[in-house]
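Below you'll find only one chain, the form predicted on its own, shown as structure tokens.
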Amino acid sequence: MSTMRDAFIEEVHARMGGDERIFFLSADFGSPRLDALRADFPGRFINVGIAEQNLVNVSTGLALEGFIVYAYAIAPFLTMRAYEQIRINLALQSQLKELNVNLIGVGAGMSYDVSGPTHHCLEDLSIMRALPNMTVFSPSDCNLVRKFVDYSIKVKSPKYLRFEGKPLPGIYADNIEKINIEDGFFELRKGGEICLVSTGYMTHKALKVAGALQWEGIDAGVVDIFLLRPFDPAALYSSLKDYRYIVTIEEGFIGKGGLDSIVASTLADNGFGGVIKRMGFADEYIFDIGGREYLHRLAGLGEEDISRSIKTILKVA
């Protein structure tokens, strides 16, 4: 299994040979695939050092000259330390001119589990979605990551790419040709009364929960939302409207404008009459040190926790 960052860098590297507009910048953050890119294109690779704010500044300058820029850093530091620069240089300016800057944030959610709350990234879904003119991409596997590269070159506006830090198994290996990035989501499983709506790492957990529930006679659908902004509310509602119960699952704070807000507002705006259950992290940081699943259980996001909530919703013993 490859990491999302290595899969993406490998694809960008392949495009750089035929497109001299592409620059790759790093905030002193490495990767095995990045070493090869830097060796082949030293004139179009820049390490700005541990300086995420300057990473955005330099990227903006290059984009203003017509270059396609990829800016690579640890997700919580890229989005929160450099938020003012992202807002003013990219979100604001891109309303007036083309700026193709792709912010690659590695370490989404609880990827850096044992590093503690300073390295956990639970706010980015909310704060990056709040910025006008900003695309927010939250993929669940490397197949989606690779497919996104052409989109990132074609769409000349700022984007935030929210990448998992650890290798994950493939989800879209057999149906990647069916995926249209512009759709923003894909129905991985068709269910009966209930559907789990997830993004990123949590789509893997949603599929495991749905598989376990099937053994108990509960047929749960799974919808993976990989483009949180922009997305097509009408298409999403069409995919969800026939369900009676919707459960949103995210590695982010609930009730703060993340995935749950996207789904809830879409359903409410279209008159959905069913039940919506939001699952994610409560309004507090976790200071306990442990692996990802341990932290999830503390937050009520373990597989058994999710299954129990679904059974409660369905009133199944």
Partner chain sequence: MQVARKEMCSPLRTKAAWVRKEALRVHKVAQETRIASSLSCVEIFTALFYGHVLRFNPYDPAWEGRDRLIISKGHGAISLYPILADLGYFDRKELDRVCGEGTFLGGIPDPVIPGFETVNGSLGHGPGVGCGMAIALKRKGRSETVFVLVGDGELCEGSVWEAVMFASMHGLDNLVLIIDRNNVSMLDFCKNIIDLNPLEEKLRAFGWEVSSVDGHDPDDLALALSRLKGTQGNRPKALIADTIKGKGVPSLESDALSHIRNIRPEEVDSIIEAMR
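Positions refer to the first chain, counted from 1. Keep in mind that this is a model prediction, so the values were computed, not measured.
In what follows, reference is made to the form predicted in complex with its partner chain, a form of this protein that is not presented.
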4.5 angstroms heavy atom contact with its partner chain in the predicted bound form for E65: yes
My question is simply whether R244 lines the interface with its partner chain in the predicted bound form - judged by any non-hydrogen atom within 4.5 Å. no
Does the 4.5 Å heavy atom contact test between N143 and its partner chain in the predicted bound form come out positive? no
Contact flag, T60 vs its partner chain in the predicted bound form, heavy atom cut 4.5 Å: yes
Students should find that, of D174, E84, D150, D219, the residue having a non-hydrogen atom no more than 4.5 angstroms from its partner chain in the predicted bound form is E84
Of the residues I181, L207, L92, V155, which one places a heavy atom within 4.5 Å of its partner chain in the predicted bound form? L92
Can you work out whether its partner chain is within 4.5 angstroms of a heavy atom in all three of F23, G43 and N54 in the predicted bound form? yes
What stretch, of 133-141, 233-241, 94-102, 162-170, brings heavy atoms to within 4.5 Å of its partner chain in the predicted bound form? 94-102
